[in-house]
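Structure 1 and structure 2 below are the same protein chain in two forms, each given by itself as structure tokens.
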Structure 1
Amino acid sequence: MIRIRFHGRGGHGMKTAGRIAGTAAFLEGYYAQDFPVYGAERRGAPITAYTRISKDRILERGIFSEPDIVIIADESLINDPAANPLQGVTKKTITIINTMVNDIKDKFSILGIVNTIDATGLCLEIIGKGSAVSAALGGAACRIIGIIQKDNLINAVIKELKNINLPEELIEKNVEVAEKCYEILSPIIIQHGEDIPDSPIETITLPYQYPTMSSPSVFSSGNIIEKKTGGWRIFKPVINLEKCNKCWICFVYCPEGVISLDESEYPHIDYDHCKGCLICYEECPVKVITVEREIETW
């Protein structure tokens, strides 16, 4: 059995990447199982998706902690304890990271085989947007495991992207991205760990507790401001204050409330917490906000 674990942020399309790998394997004649696990379900928050592929019927259920392959859509997740993408990685694990940094294996002392691919750059080049990398990393997974023919990858991309109602033109571009990733990477021999034996399920009975004992209580104010969500960002909006007409549109539209106004009513971005949704860039009526790609987000 091949166990692939995908890590990304909400909006990267890791659920779809897992489905692409599972569907391609199914079309190839294998049994497949895929599912996502969400934490805080919001754009930019870490999510994990799981795909199992096997010649035999798959009787395992639920998440797995010792993957054969780990796919990471955003290198800023590597040091994020909420995502912990390197959990269970051993000398036998193959890790694929979407990044422009070549020496990332040494930077993070990652065990096993590490390959990098600039999936965001490919999506920018072919699709014109780099936020969703589902086809790219689904294609990468299919290539690495070495058992999926390119035709079945293409059919899987088309099927899964049609299911989420993507326009035909965008589907064609995503297919091109998937094909490109498939061609860039090479299959790697997977060194399986030991299969997890079935274990009997023990049922326990919890005694009833009154709500005063069993309900959580909040006794202090929130601490969300201490969480630096700026590390989730792939692209950074930059305001040209010399050309800004102080219309406040970016300030009003910012969904995270990270744009503030100074005493002269000029907007300023809190980069510690800006997630890079780029709504300010889209809405700016005089187009004085530009976009820069983050090079290293840690």
Structure 2
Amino acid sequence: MIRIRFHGRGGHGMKTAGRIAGTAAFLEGYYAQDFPVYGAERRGAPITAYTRISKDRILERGIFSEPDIVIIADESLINDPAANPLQGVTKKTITIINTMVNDIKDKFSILGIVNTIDATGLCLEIIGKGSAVSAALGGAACRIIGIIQKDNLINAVIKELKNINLPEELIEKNVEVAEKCYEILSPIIIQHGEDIPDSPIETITLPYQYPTMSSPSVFSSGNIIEKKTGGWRIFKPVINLEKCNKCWICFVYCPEGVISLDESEYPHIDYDHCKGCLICYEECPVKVITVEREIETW
């Protein structure tokens, strides 16, 4: 059995990437299982998707913590404790990362084989948008495992993207992206990790707690500032202060409130938290905000 775990942010399309891999394997004649797991969060927050592929019927259920392949849609997730994409990664694991950072294996001391691919760049080039990388990373997964023919990948991409009502011309472009990723990468022989031992079923009994203890109350105020949302950006807004006319427009329209004005009323962006929506860029009346592709958020 091959176990692939996909990590992305809401909006990256990792649920769809997992489905593309599962469907392609199914079309190839394998048994497949795919499903996402996410919390209550919205677009931008970490999500995980899982795909199992096997020659035999799959009796295993639920999430797995020892993947053969890990696919990471955004390198800013690597250090995010809420995502923890390197959990269970061993010397035998293959990790594929969508990034433009070269020495990422050493930088994060990642075990096993690490391959990088600039899926966002490819999507920007072919689709014109870099936010959803589902077809790219679904294609990457299919190639790496080495058992899926290109035709079946293409059919899977079409089927899954039709399912989410994407218009035809967008599906075509996504097929092109998936093919490109398939061609860029080469198959890698998968060495399975240790067999996961059957764990005995244990019943946990929770003792009664007083509501003050057991209810999810937050007693400190404004502590969300510790959560950095700067990793959500694909593009980074940069203000040319020399040409800024201090009109306050960017400050007023930034939904996150991450633009502050200094004593002389010049705007400054808090990049730890700017989500990269680019409303400031669109709204600046004198167009002194430019955008740069975000390469390394942290």
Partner chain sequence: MQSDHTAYKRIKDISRDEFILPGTTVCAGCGGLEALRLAHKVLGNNVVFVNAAGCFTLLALFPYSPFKGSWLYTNMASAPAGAQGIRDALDILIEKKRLRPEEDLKVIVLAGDGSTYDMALSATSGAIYRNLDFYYFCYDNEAYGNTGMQMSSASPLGAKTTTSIPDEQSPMGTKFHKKDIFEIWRAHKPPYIATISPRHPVDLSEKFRRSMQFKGPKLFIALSPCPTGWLYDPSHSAKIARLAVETGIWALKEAVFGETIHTYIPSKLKPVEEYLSVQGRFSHLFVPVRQDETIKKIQDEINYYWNHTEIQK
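One-based numbering along structure 1's sequence throughout. Only a predicted model underlies this, so the values are computations on that prediction, with no experimental measurement involved. Just so we're on the same page, rigid core means the largest C-alpha set that superposes within 1.5 Å between forms.
| query | Quick one, which of these two is the form predicted on its own? | reply | The form predicted on its own is the one given as structure 1; the other form is structure 2.
| said: Taking 2 Å as the cut-off, check whether the CA of residue 252 shifts that much or more between structure 1 and structure 2 after a rigid core fit. | reply: Shift of 2 Å or more: yes.
| message | Could you check, with the core superposed, whether the Cα atom of residue 26 shifts 2 Å or more between structure 1 and structure 2? | response | For residue 26, whose C-alpha is compared between structure 1 and structure 2 after core superposition, the shift is less than 2 Å.
| request: Align on the rigid core first; then say whether the Cα of residue 243 has moved by at least 2 Å between structure 1 and structure 2. | output: Result for residue 243: yes, a 2 Å-plus shift.
| Rigid-core-fitted C-alpha displacement of residue 271 between structure 1 and structure 2 (angstrom) | Its C-alpha position differs by 2.8 Å.
| query | Core superposed, what is the CA shift for residue 287 between structure 1 and structure 2, in angstrom? | reply | Displacement of the C-alpha, rigid core superposed: 5.9 Å.
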